[in-house]
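Coming up is one lone chain in structure tokens, specifically the form predicted alone.
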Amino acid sequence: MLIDEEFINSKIIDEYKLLLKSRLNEKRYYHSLCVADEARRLAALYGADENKAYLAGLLHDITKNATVAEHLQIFGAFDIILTDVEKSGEKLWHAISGAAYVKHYLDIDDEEIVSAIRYHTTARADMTKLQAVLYLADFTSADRDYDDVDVMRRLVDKSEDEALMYALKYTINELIEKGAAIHPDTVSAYNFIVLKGLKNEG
């Protein structure tokens, strides 16, 4: 599937928005629109594909409001086996089921887009530009209003790596405070950025 400017401005995008409206609550739908816009902006800043970033941002939460039964149905249909950490955190499920949904139900076979959706919640070590763009856009979209959002918005305009470091530390600290398990991919992403920084300093 060719994701170009013509595709982004096509009726398919309007159809995706209608689908999102039917699947998401009003707040989550607005968030999806905001993340799409922010992802396109960050893609231009970081050198990622702006059209792919917009589409990934638009669809990243497509299963966010899905029921437990629908998540389990998707996992079963595509032989997705959750780890113990993933089983313990339902907030992680939508990234996993969402990636499967856009690939198998929407026939979006672009692995860059699918993997960006897959890792937009946990991050991972050595992320692609598009994965990093979506992860950070989800933190800094116009609708976000958490305590450190202004810091994050300054950092994304300054440095991709500094923004990733701050976002990962924020996430890990929040999970620790809640007494929740930390996904190994998040730990790996944090370690990768730390070691990259030490290497650059050397």
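Worth saying up front: this structure is predicted, and the values here are computed from it rather than measured. Heads up: residue numbers just count along the shown sequence, starting at 1.
Not pictured, yet referred to below: the form predicted in complex with 2'-deoxyguanosine-5'-diphosphate (DGI).
Undergrad: Looking at 2'-deoxyguanosine-5'-diphosphate (DGI) in the predicted bound form, do all three of Asp37, Leu45 and Ser115 come within 4.5 Å of it through at least one heavy atom?
TA: Heavy-atom distance to 2'-deoxyguanosine-5'-diphosphate (DGI) in the predicted bound form: none of the three under 4.5 Å.
Undergrad: Does any part of Lys11 reach within 4.5 Å of 2'-deoxyguanosine-5'-diphosphate (DGI) in the predicted bound form? Heavy atoms only, please.
TA: Although 2'-deoxyguanosine-5'-diphosphate (DGI) is absent here, Lys11 would stay clear of it in the predicted bound form, with no heavy atoms inside 4.5 Å.
Undergrad: My question is simply whether Arg41 lines the interface with 2'-deoxyguanosine-5'-diphosphate (DGI) in the predicted bound form - judged by any non-hydrogen atom within 4.5 Å.
TA: Arg41: no, not in contact with 2'-deoxyguanosine-5'-diphosphate (DGI) in the predicted bound form.
Undergrad: For His120, is any heavy atom within 4.5 Å of 2'-deoxyguanosine-5'-diphosphate (DGI) in the predicted bound form, or not?
TA: Heavy-atom contact with 2'-deoxyguanosine-5'-diphosphate (DGI) at 4.5 Å: present for His120.
Undergrad: Considering non-hydrogen atoms and a 4.5 Å limit, does 2'-deoxyguanosine-5'-diphosphate (DGI) approach Leu20 in the predicted bound form?
TA: Taking the distances in the predicted bound form, the answer for Leu20 is no, it never comes within 4.5 Å of 2'-deoxyguanosine-5'-diphosphate (DGI).
Undergrad: From the candidate stretches 106-114, 87-95, 69-77, 124-132, select the single one in contact with 2'-deoxyguanosine-5'-diphosphate (DGI) in the predicted bound form, where contact means a heavy atom within 4.5 Å.
TA: One stretch meets the cut-off, namely 87-95.
Undergrad: If you apply a 4.5 angstroms heavy atom cut-off, which residues in 127-160 are near 2'-deoxyguanosine-5'-diphosphate (DGI) in the predicted bound form?
TA: Asp138, Arg144, in sequence order.
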